[in-house]
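Encoded as structure tokens, the following chain is the form predicted alone, with no partner shown.
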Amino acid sequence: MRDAVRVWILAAAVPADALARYRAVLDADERDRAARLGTGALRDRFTVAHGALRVLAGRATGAPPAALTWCRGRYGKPALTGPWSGLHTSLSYSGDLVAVALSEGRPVGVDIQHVAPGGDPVSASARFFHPREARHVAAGPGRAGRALRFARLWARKEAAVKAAGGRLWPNLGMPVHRGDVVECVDSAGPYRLTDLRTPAGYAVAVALTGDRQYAVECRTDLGDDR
């Protein structure tokens, strides 16, 4: 799996019994973080996201999900510790979906973005993105098209930054629209990006460190109501 990444796109809304199973594998800090969130929906999404990450990483390592431990890097990127440190993980959630990515040997980043119907993607892209990307967003077909273009670019930037373990803001001007290999400025280096097929209204991208090609296996479980 060194030159491969596995991605799961999951519904954040799950039956009560599944939610309880996810909650049971969280550690004390994760439960406390969930409890501090403002609404039940946000608490449940956090629980599903972090519980699913533990379950999927546990399957990949052969470890009990509740036994897994992560430490945070300089800018907050979580990394598995101890005997499981060879497995790289990334987690993202937006709207009512969750994305989990696993890779061995190469740090990974995944990002999912719900395409927000409101907001002003043209002004935001002009402020933060490379001028060519700002023009690309502004030329989108209608309000929905502009919002989708903005979300796709943002997901690509976030995925690369997560793989790098760096900070988002210094990298927002990094061109990611064309080409599959991008150069982060923090932490500096090449990262190979892949856009994933997603449900309508979302954009998902995954990145691995380095410029080598890799295989992507993406599984989707959106529940019975989609």
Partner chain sequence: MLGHDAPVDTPPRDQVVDRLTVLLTRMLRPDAPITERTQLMDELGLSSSLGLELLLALEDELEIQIDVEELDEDRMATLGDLADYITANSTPR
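Not measured: the values here are computed from a predicted model. Residue numbers count along the first chain shown, from 1.
Not on display, but discussed next: the form predicted together with its partner chain.
Contact annotation for the candidate site: E133, G140 and R149 all lie away from its partner chain in the model of the complex (no heavy atom within 4.5 Å).
Of the listed positions (P78, G105, G145, G119), a single one reaches within 4.5 angstroms of its partner chain by any non-hydrogen atom in the model of the complex, namely G119. A heavy atom within 4.5 Å of its partner chain in the model of the complex is found for exactly one of V181, A60, A67, L168: L168. When its partner chain is considered in the model of the complex, R33 lines it closely, a heavy atom lying within 4.5 Å. Taking the partner from elsewhere, Q113 is found to have a heavy atom lying within 4.5 Å of its partner chain in the model of the complex.
By the criterion of a heavy atom within 4.5 Å, W84 is excluded from the residues contacting its partner chain in the model of the complex. Among heavy atoms of E158, some come within 4.5 Å of its partner chain in the model of the complex. Residues R33, R36, L37, G38, T39 are the members of 19-39 with a non-hydrogen atom no more than 4.5 angstroms from its partner chain in the model of the complex.
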